[in-house]
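The form predicted on its own is given below as one chain in structure tokens.
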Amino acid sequence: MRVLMFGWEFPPMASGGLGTACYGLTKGLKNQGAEVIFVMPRVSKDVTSSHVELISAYDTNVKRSMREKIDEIIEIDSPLTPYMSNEEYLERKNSLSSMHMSEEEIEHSRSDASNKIYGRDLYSEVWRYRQKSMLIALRKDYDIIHCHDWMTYGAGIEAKKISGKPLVVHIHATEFDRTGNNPNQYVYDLEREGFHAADIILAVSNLTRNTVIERYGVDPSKVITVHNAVEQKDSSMLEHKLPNKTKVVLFLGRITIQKGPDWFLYAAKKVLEHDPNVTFVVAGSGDMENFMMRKAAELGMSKNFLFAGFLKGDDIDRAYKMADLYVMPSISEPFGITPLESMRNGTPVLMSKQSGVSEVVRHCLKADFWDVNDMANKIISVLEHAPLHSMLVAEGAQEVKRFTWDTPAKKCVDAYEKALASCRK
């Protein structure tokens, strides 16, 4: 089975969990015998991978020399990245334009030069991506179309119109999740268009499935829950503890309203009132990062907070291993792969009950994101009670072994076959 897949990112070009999920799922699909043609907005020319072949959408001579490649990754040259706002798109577009212009050209024709290549704003760029996808849909041979999140839904709709092949859309986070229930109407409308055009919708949790059904008016019979997984790998050689037996509590993720970093901050304040020697590490970047720094200073916690910035590669595993506890206080987390990464690295987890991963993980601690007293008490318990810490480490390490990408990949293949059978009727 050949799958034409549209996505925002693919490691090592990844800025969040969506790229991680696409990487793991496509490897799982390969194990299930599926060939994946992966289309993404932009591929850096110097990026290489041990199991995928990176090619440009404009490269007509497709090479097939890599034995372990998924199939191919196609580029639609674009500054689009996941979780991007319209303002961030404009900043990124102008930055890319200036890389190819002299100072004089930048001074006199900044916007005109960039508009020759990219859209005027995020929404016109999404439209351009949608139109470019039509060319790929025409020249590729595939059995089914699979799209990840709202920015690619238009591309999938056009591919379905051109080919008549079934459309499967994968929802990793709705606009309600990303914005704290204050959706951008344009994004909501595009999500809804994709859901209603799709033959099958894959939701990463029951939480997300219910949102799709209730908020977008979708027939429940075509929404299937496919929980995420985690790459199974050995990172035992990356042990990285801080000196002097410092107690470390970690937040790792995008520093945005969806992830609840402010609730992490308020829980930390209560922990420090009990034990002033705990260090809280914030790893990530986002629009709330400056707020977090200012608030930590305002609450007199600056010396207890370390802002590590955006991490990637082995540094992510090192951060987990450095910590005594990982906390994911998300306000609305459709799934949440990071707790599984933490468990894989032997670090206990405290996660919000408002997360999809809490539906399937047992050996962890859970709290409502808004209940900072409960959160603080559970942080203190893990830090002070060695038997509890050891039990969560041992049981979590065993439990996470069952979350392999072969399981969701098999569910995807079943969904493909269901969609194909429905189209044959």
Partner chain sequence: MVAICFYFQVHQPFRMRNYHVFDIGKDSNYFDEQKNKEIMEKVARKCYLPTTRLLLSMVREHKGKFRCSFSITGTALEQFERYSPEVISIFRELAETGCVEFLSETYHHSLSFLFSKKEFHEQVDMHRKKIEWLFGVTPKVFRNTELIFNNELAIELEKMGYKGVLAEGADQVLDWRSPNYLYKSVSAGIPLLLKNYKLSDDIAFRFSNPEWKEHPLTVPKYVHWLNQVNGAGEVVNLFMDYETFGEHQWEDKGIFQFLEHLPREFLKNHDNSFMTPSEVISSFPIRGELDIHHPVSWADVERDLSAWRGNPIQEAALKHLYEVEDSVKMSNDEKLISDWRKLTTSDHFYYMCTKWFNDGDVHKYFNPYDSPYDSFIAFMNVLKDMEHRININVDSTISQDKLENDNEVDKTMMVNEVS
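Numbering follows the first chain given and starts at 1. In this text the structure is predicted, and so the values were computed from the model without any measurement.
FYI, the form predicted together with the partner chain isn't displayed, but the following is about it.
Engineer: Hey, in the predicted bound form, does residue 312 get a heavy atom within 4.5 angstroms of the partner chain?
Structural biologist: No.
Engineer: Contact between residue 377 and the partner chain in the predicted bound form at 4.5 Å, heavy atoms?
Structural biologist: Residue 377: yes, in contact with the partner chain in the predicted bound form.
Engineer: Does the partner chain get within 4.5 angstroms of any non-hydrogen atom of residue 35 in the predicted bound form?
Structural biologist: Residue-level check for residue 35: no, no contact with the partner chain.
Engineer: Counting only non-hydrogen atoms and a 4.5 angstroms cut-off, does residue 365 reach the partner chain in the predicted bound form?
Structural biologist: Residue 365: contacts the partner chain in the predicted bound form.
Engineer: So which of 294, 274, 139, 233 reaches within 4.5 angstroms of the partner chain in the predicted bound form, heavy atom to heavy atom?
Structural biologist: It is 274 that has a heavy atom within 4.5 Å of the partner.
Engineer: Pick from 392, 383, 29, 40: which has a non-hydrogen atom within 4.5 Å of the partner chain in the predicted bound form?
Structural biologist: It is 392.
Engineer: Looking at the partner chain in the predicted bound form, is some heavy atom of each of 270, 353 and 387 within 4.5 Å of it?
Structural biologist: The answer is yes: all three residues contact the partner (heavy atom, 4.5 Å cut-off).
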